[in-house]
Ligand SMILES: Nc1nc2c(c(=O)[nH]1)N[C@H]1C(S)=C(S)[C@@H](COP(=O)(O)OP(=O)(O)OC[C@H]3O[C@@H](n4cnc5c(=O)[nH]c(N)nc54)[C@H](O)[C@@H]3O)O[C@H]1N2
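Have a look below at one chain only, the form predicted on its own, in structure tokens format.
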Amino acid sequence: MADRDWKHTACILCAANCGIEVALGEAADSRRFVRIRGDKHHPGSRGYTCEKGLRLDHYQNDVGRLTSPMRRRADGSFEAIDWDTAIAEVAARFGEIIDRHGGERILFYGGGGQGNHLGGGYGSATRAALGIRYVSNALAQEKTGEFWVDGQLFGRSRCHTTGDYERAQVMVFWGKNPWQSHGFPEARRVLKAAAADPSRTVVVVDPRRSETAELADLHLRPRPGGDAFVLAALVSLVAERYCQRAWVEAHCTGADEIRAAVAGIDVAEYCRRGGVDETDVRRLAELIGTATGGVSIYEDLGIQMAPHSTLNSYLEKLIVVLTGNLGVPGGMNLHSRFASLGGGGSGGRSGADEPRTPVTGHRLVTGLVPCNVIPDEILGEHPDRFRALLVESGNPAHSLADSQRMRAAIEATELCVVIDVAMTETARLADYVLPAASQFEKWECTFFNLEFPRNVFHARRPVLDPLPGTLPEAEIHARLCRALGAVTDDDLAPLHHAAAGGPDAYAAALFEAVVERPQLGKLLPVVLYETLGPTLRCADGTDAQQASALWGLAQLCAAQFGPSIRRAGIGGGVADEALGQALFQAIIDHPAGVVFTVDDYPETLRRVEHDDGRIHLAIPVLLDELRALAGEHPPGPDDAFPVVLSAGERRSGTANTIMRDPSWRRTDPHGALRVSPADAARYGLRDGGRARVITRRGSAVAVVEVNEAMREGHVSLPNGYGLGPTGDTVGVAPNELTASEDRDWFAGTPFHKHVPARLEPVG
């Protein structure tokens, strides 16, 4: 095919969001992706893609796509309604909730799915119009503990660390399998290059011998749930033998408290409790402590969805800082960002003054309601319970722990409205479903800009027009804000006039309007969409109205990262006040993505946001938890539940729950339960047979795969199964087996990777 037949876009199945090109069919197939390839013009992925992205037509043309707003009838069935009716009724129903209970009794969940962040940006205007105070999303069951630790160490939770994997002498993957879950550009190429280089070392810490572990020079296989002991032993060794004292004294406070907290750790005993060989832990400490070419550590869900979740994140980051592997080539760095995912609030509060949820009083970690407490915040008779849900690009009935209880909570609300592309498990419980255009039918982007020293932003243009009957989220939220009376023609008339005069005149008029009416600032994405948006064009004339929210973010990004933006070649000789406009134009003019910042390594230490500019190592509440490990043993097997289930393993045939068509999987079609040969023999299981998995919450029957990569006593089920396009399901839905009360005491992170279970053969 000629180059003109290919359209630039991106894969939406993991946080790497690799650039791809798609070719559309003809005639009856004009909405189908007949060919997909990696985009060599994308500055991050450079033509790389894995097998998952090549099957995105299954998402775009899923038979479950919605083509009309849906309203629940009294008998529980749904009827199609027109958009005007849907918007008017949804606004009126939310108005009734506000009149009776106040906007703070509405919970917002979602705000942009995987690779679908621009739509979520417009949702912030609707939240402001409704007076919504409480928000949650998928990050609240994965990363909030890590973000909170970042805030404590570096000043704000948006100060997120990222690895320099292309250059690292030692790379450590803890609870992470980048061969399947990626997490950084060109993951498989980077892994293979490092494994083949005798001067570099790849380390994996994972109970399972994953594909990444197969490439590793050192593989530690801790007992499931024992990672905190291994990490604590490692910190003790590092603090005693490999601490870069001069560097730490120059850049940190609280080092003495850390040394005192780990001085009494019995390394041999902690290794025994963690289920690993002490020799391997000492070797790992030496590898990290003596590396001269940088150490990058990637911690992920294997230890973030397990016991001591927040403590694990803290200990991992202490290893990096104590060895001086922060702000150096090959080490960990504080990256730039086009928009913050980790929250902008200070990480300083951890006591009675921090914000709490209204019913259970659980802390809001980086501003988010922990997912596992949501049912407790709805069910019951507490006067401050949530009375309504607005769900956007999320599927909590399937993706959050304890699906049975989550379904009961949704059904107990007085109103549930879902914005999504398909009739998901959550949508089937809603009162109204508003169908969004797909991620390939509108302007989109991702705010997973996590690279250093070159960071990439990709504003993706529509590949197709919206499917008839659907609307982009920008338009949905604009209509909702108008129906709620939050914005009017009179409010916007001066800004419409100013927009015709160019960006400088518009910026001045916008500042004046927000000063005069501060509420407009909270509605800014919709205000930009309706006023500045119609004037926005790419250099080739392409309409960029839906990208208007990025204009506002570009101004903030330019104010914070101006020198890095200029190093990327953006802005030329323009004045500082015009840099945001230059950044925005560069982003929309490059359909394959653009490098928007280039950093030097000392930039990391300049980005620490504590008032004194230093890294604050001592986090009292987590040091208390660390000390308490001395009297604790990892939860072991018992007669009722003798194995540990990892509920949600990433495999070659799994991605995320937006890929609803089961026919996209060419391997593992049933989502097999992986068990070790020893466990198969112990429980009478055979390869290809079936087993019943029983947990405290429920049970399910799965096809068995006897797999030598599994550690004895550890079994796994994949994510992304147990759902279908029209209600039919294939495989096991993991959260039918997980319990909402099994969560980290501090951040509320669920223990999806540590579910006590037992196995029974099914004839």
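The shown structure was predicted, so the numbers you read here are calculated from the model rather than taken from an experiment. Quick note: we count residues from 1 along the sequence shown, nothing fancier.
If you look for the form predicted in complex with the named molecule, you will not find it shown, but the lines that follow are about it.
Taken together, the three residues 164, 280 and 451 lack any non-hydrogen atom within 4.5 angstroms of the named molecule in the predicted complex.
Residue contact check for residue 109: one or more of its heavy atoms lie within 4.5 Å of the named molecule in the predicted complex. At a distance threshold of 4.5 angstroms between non-hydrogen atoms, residue 52 is in contact with the named molecule in the predicted complex. Residue 442 belongs to the set of residues with a heavy atom inside 4.5 Å of the named molecule in the predicted complex.
Although the partner is absent from this view, residue 141 contacts the named molecule in the predicted complex, with a non-hydrogen atom inside 4.5 angstroms. The contact residue chosen from 151, 331, 224, 370 relative to the named molecule in the predicted complex is 224, the criterion being a non-hydrogen atom within 4.5 angstroms. For the options 181, 323, 357, 564, the residue carrying a heavy atom within 4.5 angstroms of the named molecule in the predicted complex is 181.
For the named molecule in the predicted complex, the listed stretch (112 to 120, 566 to 574, 585 to 593, 521 to 529) containing residues with heavy atoms inside 4.5 Å is 112 to 120.
Counting a residue when any of its non-hydrogen atoms is within 4.5 Å of the named molecule in the predicted complex, the hits in 168 to 191 run 174, 175, 176, 177, 180, 181.
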